[in-house]
Each structure stands twice: as structure tokens, then as C-alpha cells.
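Let us start with two forms of the same protein chain, each given on its own as C-alpha cells and named structure 1 and structure 2.
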Structure 1
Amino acid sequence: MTAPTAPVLPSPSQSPWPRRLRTTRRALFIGVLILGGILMMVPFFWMITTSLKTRAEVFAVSPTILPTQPRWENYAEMWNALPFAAFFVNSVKLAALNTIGQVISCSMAAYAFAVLRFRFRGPLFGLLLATLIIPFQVVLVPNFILYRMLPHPFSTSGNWIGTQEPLWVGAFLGGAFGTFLLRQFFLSIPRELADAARVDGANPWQIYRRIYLPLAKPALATLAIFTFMWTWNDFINPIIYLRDVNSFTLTAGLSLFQGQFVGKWPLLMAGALVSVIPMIILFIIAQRQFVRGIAMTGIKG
């Protein structure tokens, strides 16, 4: 008579429970992300629907989610109420100038702090980073006084107040955030590339232009998107320095529109939607470079 054999138990690796647990966790994680994305899209959806409503539908006691009859003429009425075409051109101009200035000046400064060797490099970089903790409101009045004292040959007031120069000239003088961002990326590039180019007779400018800039495209794209977005959404500086309505940006123009056309929320939401669309298009076009630059830049020591 043979002895009974013990039942063979499945090994932990063959158990279906860990796989099911991972699948459940992944499904919950994806569900939370989808729910968060929907919640973040609710204000944008409300802005679109409001821009197509009438004033009666906006102020109705029982508000409606969708307009009964979309009023596309709200966009034409908004566009013609104030010189929004000039506002749009001014915003594009200032955002482009600030982006170009920041990319050029910050990349040069970052290259100097990351690659070149000079006295007091460490203390100077620490001093530059210390400026990040200074609130914007602290330097607002000193900058205004500085621009008021500087002579301007083409301004009717004789100084820079009332012109667009205070809104973009400073971008060509560098910035602490952009310099830090690009320096962290430059430090991740092997120094052997620069040493090999130096042995072949390349000077620092050629190394910067032909080696570091082509390899830093993701970080440069990240800085360009950040700068374009900050300049496009800037509200305080245009209000302080600009005087002529035709020189206003979209943010200043929307503020003026809200003050002159009180209660016309459909037209105001139409203007806000027009101001948001370029940022959405920019992010969609440069999304891959933006995410790659953030991933490769922010964790370098």
C-alpha cells in the first residue's frame, strides 16, 4: 500500500494574487489621474460655454450648463470692442523677445558657471541663486525708478516709462532661474567632449556654440516654454509701465475690457479663451522637449 502524496502548493511566484493586486493598483491609479484631469478641465469647459451664452443665460437664476443657441458673434464683438489685434501682436512680440533674450543670456551664463574656471565662481553663483528668494514686489519700485531715470530718445516723456522696453530689455541681461536650470543640464554633459574639442584647437565660444548648445536642446526648450508662458501671462508689469492702449498686452487689455464693459461675461470669457489658445498650442507642439528637459535637468547635482 503506497503512502498518500502531499498536495503540491503553488509557489508564491505562481500565485495570481500579486498580479491581480498590481492590476488593481494600476487601474485605481489611472482612474485617479483621469478624474483629476476631468476636474482640471471643468473651468476651461465653463469658460468655453460661457463665451457662447447670452447675458441672460449667464445671470439666470437656474444656470444652464450649455447655451441654448451658441452665440459665435460674441468673439467678433469682443475683438472689435477694443484693439485686441494690437493686444495680441504686442503679447507675441514681448513673449518672443523675452524668450530669445533669456535663452541667449542664460545659456551663456550657465556655460560660464558650469564649464569655465575663474576666481570666485562658486560665491558668484551662490549670490546669483540668492536673488531667487527676493520677492518680486521688493524690486518693483527700484526698477520703476531706474527706468524713469534712464533717457529714451524716442519717448515723448523722455524716459522709459510708457514704452515697451522695460518689459523685454532685462531678459537679455540673464536670469537666476534660467541660469540655474541650464547649468544643471550642462553639468550632465561629459567634460571629455569639451576637452577633446580644446585639444583640437577650439576656443570656449566654439565649444559653447558647437557642443553644449546642440546637446542642450531639451533644456533650452524647457526654458523657452517657461519664459514664453511667464511673459504671456504677465499682468503687473504691463499695467505699471504701459500708458498707451495700443501698446497693451492681452492681459492688460482684458483688465481694461473688464473695467469698461462691466457684466459682459460672455465677451470677457471669449477674450480669455483667445488668450489661452496660443499657450495650449505651444505646449502641444513642444510637449516632448518640455517633459524631457524637466526630467533631465531638475535632478542633477
Structure 2
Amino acid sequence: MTAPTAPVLPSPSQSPWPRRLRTTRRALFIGVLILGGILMMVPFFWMITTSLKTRAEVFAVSPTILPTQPRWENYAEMWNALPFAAFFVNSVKLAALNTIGQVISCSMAAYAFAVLRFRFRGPLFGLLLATLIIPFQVVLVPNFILYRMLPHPFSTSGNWIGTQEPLWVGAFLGGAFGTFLLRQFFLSIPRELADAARVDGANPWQIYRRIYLPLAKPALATLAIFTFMWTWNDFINPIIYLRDVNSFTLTAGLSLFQGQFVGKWPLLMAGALVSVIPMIILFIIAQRQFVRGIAMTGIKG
């Protein structure tokens, strides 16, 4: 060991390599990581630069990386080509409704499974968990048929098809992922708190509202963020249920845009960027909750 104050026992940070070689190796390692990180970012970078180019620049024989002069008009053109403002509002509205619905209904179910004692608790929880491994595409057809049977006062079809309702009402009816996540969290809250409140005459609703919900804020935030992201990025449900362009979400609208503006890459990239920016901002703000949520449950984006 070259270090003058080397301890008797080698610590794990010490390897048999001479120090200088170790530093070089480490630098090389970090270099590869940074290079990989840059590689991961290339599609985003390419999206941004393309969104600011002219069509001539995009198809030039020897294209440049950056636009000679950023063409901000692409964004205005994209925004007005289709009702993007409406898409944006619809995505925000549906993501918010789904988030509220999941946080309320899953936390209620999680409280029952974690705290209350009742017959069939085990089997019911098992049944709920079993729905986790079933691909949701398996129930697409029966759900569609169900929503087609439900009457709707304001829909042109007379039923729920063509309205946004199938895209959020179900969120108020619980879900295996959220219930499981919150139940695990509720189980970690000491039971003595609930017992003490019960002695003081609190009923289960008050215990849920005043003790469990406030203490579970981190887990609730994780569920909220994931639900928001899933709804925001959902594609198959909007294209199945929505008919009127003005009711489209950003993903459905973007797909329509892709079909109508084939090859107009600057506009398409501007549209793609506008639809991913809110999620990127949310991710940067709430990175901790994201990472914890994935590590805890392994559910992906």
C-alpha cells in the first residue's frame, strides 16, 4: 500500500491496485458512466434540436446538429395545427381525477386490510392481489361492453363510449397496486396509536382520517405520482374510448398528429416535447418518491 497511514486490516475501499492505477480506473469508470448518460439523453437532445429547425435544415444533405437559427414558430404552428390546448387540459383533468380517485379508494381499502379485523380478510386480499398479475388487456373487451351498456345523459351515443368517463370513474373503485402499497405502509404504523384513539372513543373512520392518512403522506405521494404518470402516459384506453378530437388526451392527440403530419419532423418533435415536459418536471421535483416507489414495488412507468 502506498498510503503512509495504511491500517493493519485492508478496508473494502482498498484494492490490490496501486493508488495511481486505481485513480485512472475510477476515472475511466466515471467516464464510461457519463458517456452512457449522454447516450441516454441523445433522443431528448435530438427531439429538442429538431423541434427548432426548419424543414430544409432537417432534410439538408449535410445536416447540422444545432439549428442555425432556432425557429420558435414551430411551437405555435404545432399548437394550432390540432386542438393541443384541449389535449393538454384533458390530460391534466384525467390525470388529476385518477390520482384523487386512487388515493381515496386505495387508502380506504388499505386501511381495512391493515387495521380492521373481519371475516374473509385474507381471501379478499388474495383475490385483489391476484388481479395484479393479470394483464389489463384481458379485460379490455368486457370493460368496453360494460361502458357501452351504461346510459349517459350527455353522450351522442347515449352510453359511455365516446365520453371521458370510462377513463377516470374506475379509478374511484380501488386498485391492487395502490392498495398493496398503502397497506404495507399502514402496517408499519404502530397499532398503539389506533388503540389509544379507540379508547378515547374514536371510530374507525376518525382513526383513518386523523391518524393513518396524515402519517402515510409519503406513501400517498408515491401513489399519487405514479397514478398521475400512468394516466398521463396511457394510450390504449384513450384511443379505445374517445371519439371526438376535442376530448383527446395528449397521447391520443399526438398519435393523430403523427398520422396527419407525416415527415414534418420539427412539428412532430415540438408536439412530443410538449407532451413529455410536464412528466419530466414532475420527475425532477419528486425524484425521491419515484425512486422509492419503484424500489418498493417494482412497478414501472
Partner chain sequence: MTAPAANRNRRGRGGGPLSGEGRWALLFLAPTILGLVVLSAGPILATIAISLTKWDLLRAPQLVGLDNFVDLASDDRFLLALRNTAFYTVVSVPLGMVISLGLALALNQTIRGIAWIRTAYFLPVVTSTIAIALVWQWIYSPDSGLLNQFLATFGIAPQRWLSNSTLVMPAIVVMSVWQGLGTNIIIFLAGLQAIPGELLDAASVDGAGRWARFRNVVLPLLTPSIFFTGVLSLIDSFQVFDQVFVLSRPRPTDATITVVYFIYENGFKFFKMGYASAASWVLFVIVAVFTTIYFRSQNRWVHYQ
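Here, a residue number simply tells you its place in the sequence of structure 1, counted from 1. In this text, rigid core is short for the largest set of C-alphas that superpose within 1.5 Å between two forms. Keep in mind the model is a prediction, meaning the values are calculated, not measured.
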Form predicted in complex with its partner chain - structure 1 or 2 = 2
Large Cα shift (2 Å or above) at L35 between structure 1 and structure 2, core-fitted | yes
Following rigid core superposition, Cα shift of F283 between structure 1 and structure 2 in Å | 2.4
